[in-house]
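Just one chain is shown here, as structure tokens, and it is the form predicted on its own.
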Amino acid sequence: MTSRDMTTPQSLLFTDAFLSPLVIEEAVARALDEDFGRAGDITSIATIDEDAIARAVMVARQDGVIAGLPLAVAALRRLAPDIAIEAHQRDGAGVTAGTRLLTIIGDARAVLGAERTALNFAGRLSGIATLTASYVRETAGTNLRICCTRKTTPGLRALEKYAVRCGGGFNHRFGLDDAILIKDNHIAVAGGVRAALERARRVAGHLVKIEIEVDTLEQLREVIATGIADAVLLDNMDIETLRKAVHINGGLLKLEASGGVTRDTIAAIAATGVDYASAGALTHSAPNFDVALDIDVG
């Protein structure tokens, strides 16, 4: 097999979720610049011949769901555009420990220089995808969608939200500009539920959804009475209160459970009949996924 034969197009690394090539390029450039600093990889420069070729394999060291391979590939190709990379898996795939993810043949200095950046992306994003998938499994047989939040690593939100989708989850808003979410502090400053909703409706475009947070069933009834909101965030309600909220709502508005959403509680939350549950833990508390790059010296 020639190097050209084993090169996998980046587009084949994606599952149903997709990440903009511009986001990938920016993230990879920033990460490599951080690692290479002013003088570059002085260890590889000092110890590896300029024309040396390396063969390496990226391997999963644990069971889970893979995400971040397009970024790993982009990091390698940014340092060596003609490097040969064969993908054995693609993002969103479930793998077991020992599964080969990528086979890489090319400039040894590039392989070693990009190694940590490639592994950092794959480890971080696969960790998020794996944790998300564990939540999703708990909701099997229900209509609940598990969503991430804006509790993401600064500068990495698009990547981390992509990883949630790779794990079978869904994205909440990406930022402050793509939906109106009226929280308790907005309500307090605006002068109440109705006042906040009426002001929001006057401003919102016809494609902009309005969601409002409530802490009590009385507030939920008030929201429903206005006929303005599209969705209601049920904040830190226990299971019995969530069931009552679903009954009161009667299918009028989309209901989202938030606060106290964990792997231990998600099944019970799903059983109440709410439409969504959002968990900041998917992104802010996901363990790193163990993935390694092994040089083939045979």
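Heads up: residue numbers just count along the shown sequence, starting at 1. Model, not experiment: these values are computed from the prediction. The term rigid core refers to the maximal set of C-alpha atoms that superpose within 1.5 Å between the two forms.
Absent from the display: the form predicted together with another copy of the chain. The rest refers to it.
Student: Where, among 195-203, 133-141, 215-223, 91-99, do residues come within 4.5 Å of another copy of the chain in the model of the complex by heavy atom distance?
Tutor: After filtering at 4.5 Å, what remains is 195-203.
Student: In the model of the complex, is there a heavy atom of another copy of the chain that lies within 4.5 Å of any heavy atom of residue 250, even though the partner is absent here?
Tutor: No, residue 250 is distant from the partner.
Student: Taking heavy atoms and a 4.5 Å cut-off, does residue 230 contact another copy of the chain in the model of the complex?
Tutor: Residue 230: contacts another copy of the chain in the model of the complex.
Student: Any of the heavy atoms of residue 32 lying within 4.5 Å of another copy of the chain in the model of the complex?
Tutor: Residue 32 belongs to the contact set for another copy of the chain.
Student: Given that the partner is absent here, does residue 44 sit within 4.5 Å of another copy of the chain in the model of the complex, heavy atoms only?
Tutor: Yes.
Student: Pick from 105, 87, 74, 180: which has a non-hydrogen atom within 4.5 Å of another copy of the chain in the model of the complex?
Tutor: By the 4.5 Å criterion, the partner-contacting residue is 180.
Student: Using a 4.5 Å cut-off on any heavy atom, which residues of 64-81 would contact another copy of the chain in the model of the complex?
Tutor: The stretch touches the partner through 78, 79, 81.
Student: Rigid core fitted, then: does residue 19 show a CA shift of 2 angstroms or greater between this form and the one not shown?
Tutor: Yes; residue 19 is a residue whose C-alpha shifts (by 2 Å or more) between this form and the one not shown when the cores are overlaid.
Student: Considering a change of 3 Å or more, are the Cα atoms of residue 18 and residue 74 closer or farther in the model of the complex than here?
Tutor: Note: Cα gap between residue 18 and residue 74 widens in the model of the complex.
Student: Relative to what is shown, are the Cα atoms of residue 18 and residue 177 closer or farther apart in the model of the complex, where the gap shifts by 3 Å or more?
Tutor: Relative to the shown form, the pair is closer.
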